[in-house]
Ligand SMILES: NC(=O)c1ccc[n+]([C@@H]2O[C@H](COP(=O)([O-])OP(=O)(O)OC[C@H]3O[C@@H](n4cnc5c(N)ncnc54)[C@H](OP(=O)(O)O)[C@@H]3O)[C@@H](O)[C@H]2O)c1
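Given as structure tokens, the chain that follows is alone and in the form predicted on its own.
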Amino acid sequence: MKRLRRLTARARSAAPLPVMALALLCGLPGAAAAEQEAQAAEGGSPTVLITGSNRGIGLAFAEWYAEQGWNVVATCRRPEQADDLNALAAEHANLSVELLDVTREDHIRDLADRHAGQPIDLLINNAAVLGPLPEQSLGGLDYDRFEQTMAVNVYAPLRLSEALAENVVAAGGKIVAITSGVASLTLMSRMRGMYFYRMSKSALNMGWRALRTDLKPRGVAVLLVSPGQVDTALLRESGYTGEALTTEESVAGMVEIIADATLDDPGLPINVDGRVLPW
């Protein structure tokens, strides 16, 4: 599957695209990402571990890094049902599919044990849930749903990053969390509903700033990246019907941001088009 390369070819010959999509496609594959690919070819291939890899953005991340020659550890809750991911693994010997329910401490512990001592150049905390909107609207708030949303969107990325911190330190690597514009107090000041999802992403942002403070002295860059409006199941569940990026377009922009990031970056939430999202 070479969807990202086909996407680039189409972008060069197609009619004008929306401004944000055009901006990120014009930079594909980009100097930083190309440099990483060259480095991987020269000496041992870097390793990326991705959560929520069975569909959407996670699957597109797995495909992109696999095609660039990275060793890809693609995790998901139900590998036996991850047909697209398993098909991708069949095409790429450098991609392995592993079981991980990010809400289960034993799964995280087992994953950390399996990869003990292995440098991890990039950890992408992608797994997230939105949850039914009626259950996070005023008058119908379901606090069991709130706990589940926080467990997946906040506790899990922090727990996994803590468990694999030494692996990333060993590589001098990067830890990424996928945030959202709905975490912004400025942008979302008039938005109704989505209490749990919005609060979880705001909490994630704060946790990631704290994680950055702890890990920067140890040589690890800690990043917050927002994919923008992407045509995924999660976006459709939100009721959004406007213009959206494909998962390949979004990932093409995010991998550039990740590749360009350094320890000196302030660790602010960066949108896929390169804009800093206001808090």
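Because the structure is a prediction, the values reported are computed rather than measured. Each residue number is its position in the shown sequence, starting from 1.
This next part talks about the form predicted in complex with this ligand, which is not shown.
This ligand contact in the predicted bound form: Lys216, any heavy atom under 4.5 Å: No, Lys216 sits far enough from this ligand in the predicted bound form that none of its heavy atoms falls within 4.5 Å.
Contact test in the predicted bound form: Thr47 vs this ligand, heavy atoms, 4.5 Å: Although this ligand is absent here, Thr47 would stay clear of it in the predicted bound form, with no heavy atoms inside 4.5 Å.
Asn126: touches this ligand in the predicted bound form, heavy atom cutoff 4.5 angstroms: Flag for Asn126 set to yes.
Contact flag, Gln229 vs this ligand in the predicted bound form, heavy atom cut 4.5 Å: Answer yes; at least one heavy atom of Gln229 falls within 4.5 Å of this ligand in the predicted bound form.
The single option of Asp142, Asp101, Glu98, Asp84 touching this ligand in the predicted bound form, heavy atom within 4.5 Å: Looking at the other structure, the residue within range turns out to be Asp101.
In the predicted bound form, the residue from Ile57, Ala252, Leu223, Ala66 that sits within 4.5 Å of this ligand by heavy atoms: Only one option qualifies, and that one is Ile57.
Options 159-167, 172-180, 112-120, 131-139; stretch whose heavy atom lies within 4.5 Å of this ligand in the predicted bound form: Among the candidates, contact is made by 172-180.
In the predicted bound form: members of 195-211 within 4.5 Å of this ligand, any heavy atom: Contacting residues: Tyr197, Lys201.
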